[in-house]
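In structure tokens, the next block holds one chain alone, the form predicted on its own.
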């Protein structure tokens, strides 16, 4: 098959795109990349797979592309992503894009930074962060979680309406990440808790498969 997908399920956008590809029935060559072993840092990876040395990325018959949202839009333009996940209607698509653009410097970065400081960096370096640093990162993360709770989920079942889209999948994968750092978002935000369960159910078995490492590290699978 011509499409090769490079990913690591420890990576939030890798999980999101994996779920989307599976739900869309896209056939791809499975190319896992062990970030924890530095597999993305080799010269071979930089030269032959992704010049930015990150995942996820694809090689579609010789066309190499990085960045999860760029990959999503590319595959949608090729007719690979169903409209109920990423709408063709200009207004509906704009609403989904609004979330995808918003989350990069809000939800994504703050959840990721908290996870890195609390769990990943200490694991890699053996050094614990200061309590002040963790408290600051937690405050920034919770500010954006509150926006999801109170604005994006104010009156709808999903982020962009009453039907799940790729926006929900990307967001859920980000929000699951802090669980590995002993912060369970579901315990603090009731709307997010109910929404996460709706997303999990809508994604079928692909959601739990993509989050297998998250569940293993945090010691539990989500409950209804």
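No experiment lies behind these values; they were computed from the predicted model shown. Numbering follows the first chain given and starts at 1.
There is another form of the same protein, the form predicted together with another copy of the chain; it is not shown, and what comes next is about it.
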**Study point:** Candidate stretches 195-203, 61-69, 34-42, 182-190 - the one whose heavy atoms come within 4.5 Å of another copy of the chain in the model of the complex
**Key:** 61-69
Review point. Could you tell me if residue 118 has a non-hydrogen atom within 4.5 Å of another copy of the chain in the model of the complex?
Key: no
Check your understanding: Heavy atom to heavy atom, is residue 132 within 4.5 Å of another copy of the chain in the model of the complex?
Key -> no
Exercise for review: May I ask you to check whether residue 83 falls inside a 4.5 Å heavy atom distance of another copy of the chain in the model of the complex?
Suggested key: no
**Study point:** Non-hydrogen atom contact residue 146 with another copy of the chain in the model of the complex at 4.5 angstroms
**Key:** no
Review point. For the spot marked by 51, 77 and 109, is every residue within 4.5 Å of another copy of the chain in the model of the complex through some heavy atom?
Key: yes
Review point. Does anything in 142-156 come within 4.5 Å of another copy of the chain in the model of the complex by heavy atoms, and if so which residues, in order?
Key: 147, 151, 152
